[in-house]
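Before any questions on how it binds or moves, here is one chain, the form predicted on its own, in structure tokens.
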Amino acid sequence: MAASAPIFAPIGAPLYRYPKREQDTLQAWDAGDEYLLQYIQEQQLDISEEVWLLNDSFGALACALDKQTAKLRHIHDSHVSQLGTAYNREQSQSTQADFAFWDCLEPWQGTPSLVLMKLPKSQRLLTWQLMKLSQILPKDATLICAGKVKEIHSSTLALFEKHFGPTHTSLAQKKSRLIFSHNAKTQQQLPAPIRWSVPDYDFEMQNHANVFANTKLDIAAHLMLQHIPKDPSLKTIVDLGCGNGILSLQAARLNPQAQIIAVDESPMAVASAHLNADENLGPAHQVEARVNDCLSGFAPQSVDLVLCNPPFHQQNAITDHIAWQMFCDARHVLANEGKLIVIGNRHLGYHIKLKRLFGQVNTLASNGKFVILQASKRPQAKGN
């Protein structure tokens, strides 16, 4: 049965979260998207030339504005957001505007008549984006940002004031609010990646703005580092959802004969993993970092070991479908007798999902909060 989705009124067509799933109960837009579009229409803002969209998760704004503007630029630190936006634009036939995807680290060039933002989850990413916009946009240019009322605090508005310019908010509507900020052209230099040490493993780490655990080693990674195997038979190891790449570093040190592939959907995470491999392993290291949607594009039975610390949210929505996709992809790419090692919160019940996929699941370690599980791929019986 085909997946169903409610109609997104501004384009008169359904929009889907990515990847598209049957009977998905989560919308691909929110009240903040609707509020932004309503405000543009009511104020008759000029959107005919060039519009920049920051953090437009699944392309709701891009699809709605496509036929009204000549040029659209979609800026996000998410490969999945790009894939979802591309899918929804194609499905809704939103292909009129000159359209381009930019990630946060590449140059942003142009003269937008309007810049719209969805409030990101990370305050560090928000600060980074505000500082970059302040450098590029002309003085007094207006930035309009939408967010949930519960996520807009006085500290949030202080970031706009400090890193962009004078700021005020709209009234609340459907539990969302708009933030209006006017560029004061502060000309602050973009901050370098944050540096921190892991003395137990002699690692010096660097994190770009949107990378998880950005100032110290998180407790799940600390536990996982202790259970990365050293095995001379391993030829290819994948660090799935690599973040800053610290698991890749340890896997590379323990297994110098193996190719290490660090995979994440965040360009900032992948750039951090590149930096950390270069600094900690030297120029001849065997770590390759890739921006990718889980393990799409990997050849079947091409990997010996997958290390995974899966997220349990997509944007601001709590969901387990990303972990399920990671586990399914891992089973597809693992060679027979290959292993998937996963860490997760005990209450998430990953052992149930892994047992359904792999059959054999062992507990490698656990504490009061986390459990590390190992699933082994067995050859399928003929006819299955």
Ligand SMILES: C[S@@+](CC[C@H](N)C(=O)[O-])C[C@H]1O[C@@H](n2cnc3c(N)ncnc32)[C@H](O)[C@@H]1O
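Counting begins at 1, following the sequence as shown. From a predicted model like this one, the values you see are computed outputs, not experimental measurements.
Another form exists, predicted in complex with the named molecule; not displayed. Remarks below refer to it.
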property: Site check 34, 72 and 111: each within 4.5 Å of the named molecule in the predicted complex by heavy atom; result: no
property: Of 85, 266, 276, 181, the one that lies within 4.5 Å of the named molecule in the predicted complex (heavy atoms); result: 266
property: Partner-contacting position among 288, 161, 218, 231 - heavy atom within 4.5 Å of the named molecule in the predicted complex; result: 218
property: Contact label in the predicted complex: residue 241 to the named molecule, heavy atom within 4.5 Å; result: yes
property: Residue 237: touches the named molecule in the predicted complex, heavy atom cutoff 4.5 angstroms; result: no
property: Proximity of residue 129 to the named molecule in the predicted complex, heavy atoms at 4.5 Å; result: no
property: Residue 247: touches the named molecule in the predicted complex, heavy atom cutoff 4.5 angstroms; result: yes
property: Which of 166-174, 112-120, 303-311, 183-191 sits within 4.5 Å of the named molecule in the predicted complex, heavy atom basis; result: 303-311
property: Residues in 268-298 close to the named molecule in the predicted complex, defined by a heavy atom within 4.5 Å, in order; result: 292, 293, 294
